[in-house]
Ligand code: HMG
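Quick heads-up: it's one chain on its own, the form predicted alone, in structure tokens.
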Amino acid sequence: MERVTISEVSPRDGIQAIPGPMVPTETKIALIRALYDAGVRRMEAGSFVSPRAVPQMADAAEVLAFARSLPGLEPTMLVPNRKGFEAAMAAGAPAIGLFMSVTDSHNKANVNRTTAESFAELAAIVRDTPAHVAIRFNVSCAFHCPFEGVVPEAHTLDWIERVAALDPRIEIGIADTTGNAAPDQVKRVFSHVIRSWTGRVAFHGHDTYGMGVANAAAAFEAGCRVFDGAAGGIGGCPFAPGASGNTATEDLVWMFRRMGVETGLEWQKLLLAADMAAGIPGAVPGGRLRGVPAARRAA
């Protein structure tokens, strides 16, 4: 049986964009516990970013400490720069997520620097990351930019090749940040990357235009076996106007189940976690499967 790995991002990507009061640390911990009980073993637990820029991530160290206490869970902490990297190392993060956009417009909106400037700093961080710490390097706006429109595939592939050359042990996350990719576009990009590089790649999709599951299927057909999802379909990038949440984890799991692909997640417990995520005050839930009576009966 084919098998894929689901990397859960609701504790980070799902919560970071919630406006208003900070989501209580206890709520984040309860969500991580529910996802872990459902079988999740890879997860973006938080982000070491400026609390002024992303106040929902101000308790990242405390959340990470809990995530590290769960046997077998690999919590990844997103870091945008050297300061975030040093904070993640001090907190004992077993895995870090680096990120940059392939378009200058979005990268400047996100981290106030050009793509080339981000790449230079992140390349140095890759070199300085201890061998026991796993690295995910996320390439954002790989298919579409909220400011520049559809991104030429050759431009995206050029940046991915530069990332791949940094270190053969990294995992490259190719992100449809705005949810505006098309399945044929996704399949071409992933097919090229998988043919060209022996390292692991992952698909990070959003469902803004209702194409999240279709795009994940296209990435799977191209050979991708790691997929990001957010329970309850919550999330969105604060610096990508109009982008909604990630593709719902439960939608991805249902699709793979129907395809005969193993995910390792328990459907009934996953729905409970998805309901919990969708019920966080201020969150805007997405996805379809939570609202399908037959799917709930199947639990």
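This one's a predicted model, so the numbers in the text were calculated from it and none came from an experiment. One-based numbering along the sequence shown.
The following text describes the form predicted together with the named molecule, which does not appear among the structures shown.
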| item | value |
| --- | --- |
| Residue (of Arg169, His192, Arg113, Arg225) lying close to the named molecule in the model of the complex, criterion heavy atoms within 4.5 Å | Arg113 |
| The single option of Ala53, Leu272, Ala61, Ala30 touching the named molecule in the model of the complex, heavy atom within 4.5 Å | Ala53 |
| Segment that reaches the named molecule in the model of the complex - one of 211-219, 161-169, 123-131, 72-80, heavy atoms within 4.5 Å | 72-80 |
| is_contact(Phe99, the named molecule) in the model of the complex, heavy atom dist at most 4.5 Å | yes |
| Proximity of Ala38 to the named molecule in the model of the complex, heavy atoms at 4.5 Å | no |
| Contact label in the model of the complex: Val49 to the named molecule, heavy atom within 4.5 Å | yes |
| Contact of Gly84 with the named molecule in the model of the complex (heavy atom, 4.5 Å) | yes |
| Residues within stretch 155-186 having a non-hydrogen atom within 4.5 Å of the named molecule in the model of the complex | Ala175, Thr177 |
